[in-house]
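This document starts with one chain, in the form predicted on its own, laid out as structure tokens.
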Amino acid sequence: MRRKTILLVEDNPQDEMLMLRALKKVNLANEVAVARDGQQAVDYLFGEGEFASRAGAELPTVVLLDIGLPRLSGLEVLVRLRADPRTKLLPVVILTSSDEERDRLRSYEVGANSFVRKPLDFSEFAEKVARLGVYWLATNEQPQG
């Protein structure tokens, strides 16, 4: 059976902590890897830079990707993922505080599978993250490849 791994790409330590706590509570993933900026996420996924030891490693089941990241924005990361045959079909959920229609539209235009706004209320935030985990790790069926 395939390992269930989530790549969380989040530069806000408080949001990271809340997401990790919510995901741990539903206990779906074998592992939650964290990247704190866009370049680190790309390096993790392609086994480059500080993650060169991951070269050829299995991809995560889903990427939870913030839009507003340092070094490379979430949208720049997504463009790179969709341009590479290895990650072209990798499920990517944009998680953001933005309520801008242009961000939502651009996310889908460059290949997001989902766009989720982070609620301000902690319990609502935790519930939303837990539901995302259940959907992408337990319900969704991905192509085998």
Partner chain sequence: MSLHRFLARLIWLCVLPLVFLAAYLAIDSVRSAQLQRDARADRLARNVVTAIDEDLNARMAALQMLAASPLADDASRWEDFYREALGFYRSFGSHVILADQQLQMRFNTRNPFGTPLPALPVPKGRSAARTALTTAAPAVGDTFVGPVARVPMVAIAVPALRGEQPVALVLSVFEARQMQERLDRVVLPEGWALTLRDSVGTTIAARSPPGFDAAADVDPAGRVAIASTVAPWSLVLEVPRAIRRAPFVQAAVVLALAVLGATLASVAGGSLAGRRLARDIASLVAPSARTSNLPAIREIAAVRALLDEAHGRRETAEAALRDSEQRFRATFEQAAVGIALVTPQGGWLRTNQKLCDIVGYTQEELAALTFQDITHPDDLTADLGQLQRMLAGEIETYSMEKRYLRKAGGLVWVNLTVALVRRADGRPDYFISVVEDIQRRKEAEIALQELNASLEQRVALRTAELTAANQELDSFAYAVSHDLRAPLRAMSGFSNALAEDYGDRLDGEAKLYLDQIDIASRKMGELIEGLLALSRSTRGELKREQVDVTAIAQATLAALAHSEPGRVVDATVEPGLTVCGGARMTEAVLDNLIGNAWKYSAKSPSAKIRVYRGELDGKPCVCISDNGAGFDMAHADQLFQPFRRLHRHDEFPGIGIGLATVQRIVQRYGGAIRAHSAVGEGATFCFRLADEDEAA
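Since this is a predicted model, take the numbers as computed values, not measurements. Numbering follows the first chain given and starts at 1.
One more form of this protein exists, namely the form predicted in complex with the partner chain; it is left out here, but the text below deals with it.
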Mind checking whether each of Lys4, Ser114 and Pro143 has a heavy atom within 4.5 Å of the partner chain in the predicted complex? no
Is Glu31 a contact residue for the partner chain in the predicted complex, using a 4.5 Å heavy atom cut-off? no
Would you check, heavy atoms only and a 4.5 Å threshold, whether Leu20 touches the partner chain in the predicted complex? no
Please tell me whether any heavy atom belonging to Phe122 falls inside 4.5 Å of a heavy atom of the partner chain, as the geometry stands in the predicted complex. yes
Partner contact for Gly68 in the predicted complex: the partner chain, 4.5 angstroms, heavy atom: yes
Using a 4.5 Å heavy atom cut-off, indicate which stretch of 82-90, 43-51, 99-107, 56-64 touches the partner chain in the predicted complex. 99-107
Go through 34-63 residue by residue and record those having a heavy atom within 4.5 Å of the partner chain in the predicted complex; state none if no residue qualifies. none
